[in-house]
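Below you'll find only one chain, the form predicted alone, shown as structure tokens.
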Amino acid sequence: MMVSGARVQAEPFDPSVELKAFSARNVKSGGIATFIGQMRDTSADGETINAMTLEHYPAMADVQLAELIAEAKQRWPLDDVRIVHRVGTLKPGDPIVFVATASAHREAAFHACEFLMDWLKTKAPIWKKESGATGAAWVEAKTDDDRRAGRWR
């Protein structure tokens, strides 16, 4: 579903196609910053991961993503924001998230992109369960993720 620059979907996406479309509609922007998150084949604890299942609560996610984008646009002079986030079952190497920000200058684009990812990593109503040889486990936000997100308060 697309909400104010954000889309949460079960279907795979191609980050290069997303970037090409984003760049094409932001030709007046001097800086575009992007982040692509992909599924790793090992957990933070070094365990092999075969799959990751991402779940979300659509009504809550739609509202919070729209509020997140609005907040980023209040903090920085952004021309455009794009977030694509997968849900469902993914395999190692699959893109999970694409974040792009456009602004007249690179500094705002970089900071906004980083802010958006820090928020997505710690506060988005999207839950991850990793599955591997030793079973399945829900992934908790890491202390370092919370510390990074705390910079924006």
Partner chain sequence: MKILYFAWMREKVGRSEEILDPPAGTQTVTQLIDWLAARSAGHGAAFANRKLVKVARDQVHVDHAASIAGAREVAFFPPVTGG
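Residue numbers count along the first chain shown, from 1. All values derive from a computational prediction rather than experimental measurement.
Below, we refer to the form predicted in complex with the partner chain, which is not included among the displayed structures.
- Only one segment in the set 24-32, 101-109, 40-48, 121-129 has any non-hydrogen atom within 4.5 angstroms of the partner chain in the predicted complex, and it is 121-129.
- Against the partner chain in the predicted complex, the set A66, A70 and W152 makes no contact: no member has a heavy atom within 4.5 Å.
- Heavy atoms of D14 never reach within 4.5 Å of the partner chain in the predicted complex, leaving it off the interface.
- The partner chain is not drawn, but in the predicted complex it has no heavy atom within 4.5 Å of D144.
- Interface membership of V139, defined by any non-hydrogen atom within 4.5 Å of the partner chain in the predicted complex, is confirmed.
- Residue contact with the partner chain in the predicted complex: C113 places no heavy atom within 4.5 Å of it.
- The partner is not shown here, but in the predicted complex the stretch 90-121 reaches within 4.5 angstroms of the partner chain through a heavy atom at I96, V97, M117, L120, K121.
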